[in-house]
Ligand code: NG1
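A single chain comes next, written as structure tokens; it is the form predicted on its own.
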């Protein structure tokens, strides 16, 4: 490393000392914490992103300043790889080490050793190139500036500030393409499908007082046949994710602020939730139907391709959804909690579908399957244009472009839901009635050291501390359709408890019993 580069890193890092007494780790959603302690972290992630760009032959890397569903006083940073997906897991230990280096000298030593180990050329003709984005949090602007300082501390690195964007937009900057693909899907609806009622043509959306509401209003101007009414857009001074947002609705089972009984057709104190499990089920039914159609209807000159369709869930998926998917004959597998694990597993299939209960998810199509699909469509267009088989090929090609395969994207997911419901001729009530969720409850138990809990089998069982899994099993056996698991949080010192049972009273009781076990086994300081 040249002396000019060493001096630049030492001088710039001295302006961003790490917070005392705080240890941060790159979790499933990057780094997240109170915004007040993140300035040095985002500065150092700017350095990491520039190095990652150089390591990938100066490919564009994305940095997003956001804490997603967290309260407005929090913030965070996540990195997008050139593929559009998340930062390679192989780089996460380096991210942790950078974030927690105590002095500029330690930081420089880490960078020097890593650059040598990975054979990263700092002096190249093509500079590192970084896309920057942030959400609407008040702390975002100053953290973005600190990130820019980190990027510019690598000689020649170029920053492109995208301003206020959604995270998926940063991963996939192709916004207007959504409209063309939705129109393609709706044009391919089977004849005789259910006509949309007046209520079906209006979609009321909770913007959570964040960037999503702002982008939805832009989207609304380009849509035909669907009116989007955005509530909690942030323009009325509402606070981000406070009494609003997907996590609030999914965990609390409450209607977000700004909605009334006319919006949901029920008492405002109760909500019928169509969550990520139901979204996954809807898409799985649709994809399975299209795949079945492809190889029907006579001989074809292209060899038949039996696409491997897989559904990926975490232990938080409601047990009723898993049972329903298996009864459909679908292959269902589990991974640890976190989109990075779900995404990686889904990529092993020709078509892999994953969604968390809170709505994070997408559909992945393998390159080999898409190549076959394009050939199959070309063949069908020549011999049976307008047939259901040809339309099925077109629908799948449109879905592969509409759904954001880089990362879960609420906007493209929302539009695909609308297109599939129209294709199926289903109302939202018909969709919601696919299966009935088992009552569930989630509890957080504060602990001194969350790493004392070690899990296995996609977080469905505990291997440390000894004996706690047996105690959980004994409690669970007391409840009809009982199921419970615990796992350490990836972002805070708590143990998360999840429980299901045949009744809400049973789920609540089981969750409380398991939470008591956590306090007993983890000792003083747990609450």
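Treat the numbers as computed from the prediction; the structure is a model and nothing was measured. Positions refer to the first chain, counted from 1.
Heads up, the form predicted in complex with the ligand isn't pictured, but that's what we're talking about next.
Residues within 4.5 angstroms of the ligand in the model of the complex, judged by any non-hydrogen atom, belong to 490 to 498 and to none of the other stretches in 464 to 472, 53 to 61, 36 to 44, 490 to 498.
Shown without its partner, this chain lists 360, 441, 343, 376 as candidates; in the model of the complex, only 360 has a non-hydrogen atom within 4.5 angstroms of the ligand. Screening 390, 74, 409, 356 for any heavy atom within 4.5 Å of the ligand in the model of the complex leaves a single hit, 356. Residue contact with the ligand in the model of the complex: residue 484 places no heavy atom within 4.5 Å of it. At the 4.5 Å threshold, heavy atoms of residue 259 stay clear of the ligand in the model of the complex, well away from it. Using a 4.5 angstroms threshold between heavy atoms, residue 251 counts as touching the ligand in the model of the complex.
Shown alone here, residue 426 lies farther than 4.5 Å from the ligand in the model of the complex, counting heavy atoms only.
Contacts between stretch 24 to 47 and the ligand, counted in the model of the complex as any heavy atom lying within 4.5 Å, involve 28, 29, 32, listed in sequence order.
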